[in-house]
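In the form predicted on its own, a lone chain appears below as structure tokens.
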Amino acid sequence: MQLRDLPGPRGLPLIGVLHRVRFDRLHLRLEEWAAHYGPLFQIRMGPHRIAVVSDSASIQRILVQRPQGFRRTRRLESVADEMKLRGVFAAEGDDWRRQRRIVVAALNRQKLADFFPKLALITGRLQRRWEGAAERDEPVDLCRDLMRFTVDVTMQLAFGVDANTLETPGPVIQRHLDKVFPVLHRRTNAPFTYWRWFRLPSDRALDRALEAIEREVGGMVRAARERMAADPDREPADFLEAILAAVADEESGFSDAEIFANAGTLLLAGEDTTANSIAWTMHYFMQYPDLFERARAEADALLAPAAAIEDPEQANALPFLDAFCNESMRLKPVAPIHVVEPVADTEILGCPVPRGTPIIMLLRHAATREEHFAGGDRFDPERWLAPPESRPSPHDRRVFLPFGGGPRLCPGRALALLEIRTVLAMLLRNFDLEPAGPAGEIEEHLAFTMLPAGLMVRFRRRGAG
């Protein structure tokens, strides 16, 4: 059976199934079709025929065989290059290996431990922001507040800059980051490179945003170079200084363009993914108040009388909170789909897939199926705590991929988990929360990452009222 012979939804001439999808809900439509057409099907979007796979063994093979056997799509690489963002996320081959070494070194556990006092300071600012909202009885756009927090953390860790967007208007860069991912998502999935011929208002807004980000990053680069010139013998203190040291090493092959590409990539990834993971977990706190109280009791027992985590080791001593977060990330992963292409002709479930064919992997679909997790569509943190002999079966952790898998596992995983645990522990110790928006299910909105659209909350000081 050839790719074109696989089952799949019917399309129209020229446009394929474009009339049946919304890019901000693409993952939901693909999951719906997977339930109908099976673990491997095909769709046509414009002139492109795409393989869609939800089979967990096939997904594992693809992830493990990167980057030798599979790579990010050439469309993503091209779009990222046009936006000057072909950093470690979009790079391939030797470029990826060289850039990843620097990223991993800048985010190792010792550097995170040394950074923790500054993370605690930024978490305290977030706490004061929420205390102010509680005093004013003011609804809070949760994703926006959390993105301010994650921008502050990333800029401090990566660039040595105390942006403090939580307590001040912040630098220009913070107000432009949210323009990037939605356009990157749309361009990566668009059947035609329309923006090269005509530009929509969002494309023009993106141009302005990227120019502003480049100016801000340029200022941080100049400041870092001045620090390094003043003390040339000291070790790089942050991610940006590590990149600049690599640029100074003529044998590294690291270019000035890659400075902006990796700085921009780290800002974007650090902002969206972690903020949305925290937001989804807080959403489930409101959905399950009894489990919220259980997590609170655990935080109280560990942290009292402190208002928040004071030692990074405490972040690893909250097993029920970890289980709650795992369940949230299983059902609401910020990356429910992942797109790659084979570097050579390959085969998936007996079907030949030619080199360069886009392959969409449905990462969430497998993690919610009954054959991988008992009661797969049910929110149940206990499944992560039960000993193996009494755990409901099946419980296949191999399909739980909130940070990807294989050699290209997210290098910021440890930082993200530390941020998530620190913010949620602070929340549990200090606040009650309730929905502030319209009643009903919060919609999933895909803009490269998946966020809870319109998640408005009200904070109450703990025990007040």
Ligand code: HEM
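Don't overthink the numbering: it's just position in the shown sequence, from 1. Note that this is a predicted model, so its numbers are computed, not measured.
Beyond the structure shown, there is the form predicted in complex with protoporphyrin IX containing FE (HEM), which is absent from this document and is the topic of what follows.
Contact annotation: L63 falls within 4.5 Å of protoporphyrin IX containing FE (HEM) in the predicted bound form, judged by heavy atom distances.
A residue is said to contact a partner when one of its heavy atoms sits within 4.5 Å of a partner heavy atom; R408 meets this definition for protoporphyrin IX containing FE (HEM) in the predicted bound form. Protoporphyrin IX containing FE (HEM) is not drawn, but in the predicted bound form it has no heavy atom within 4.5 Å of V53. For the chain shown alone, P39 is not a contact residue for protoporphyrin IX containing FE (HEM) in the predicted bound form, no non-hydrogen atom being within 4.5 angstroms. Only one of 415 to 423, 53 to 61, 40 to 48, 25 to 33 lies within 4.5 Å of protoporphyrin IX containing FE (HEM) in the predicted bound form by heavy atoms, and it is 415 to 423. The single contact residue among R215, R175, H338, R125, judged by any heavy atom lying within 4.5 Å of protoporphyrin IX containing FE (HEM) in the predicted bound form, is H338. Site annotation in the predicted bound form: the residue of T357, T346, T188, T273 reaching within 4.5 Å of protoporphyrin IX containing FE (HEM) with a heavy atom is T273. For the candidate spot formed by P312, L321 and N430, no residue has a non-hydrogen atom within 4.5 angstroms of protoporphyrin IX containing FE (HEM) in the predicted bound form.
Residues from 384 to 406 that approach protoporphyrin IX containing FE (HEM) in the predicted bound form with a non-hydrogen atom closer than or equal to 4.5 Å are P402, F403, G404, G405, in the order they occur in the chain.
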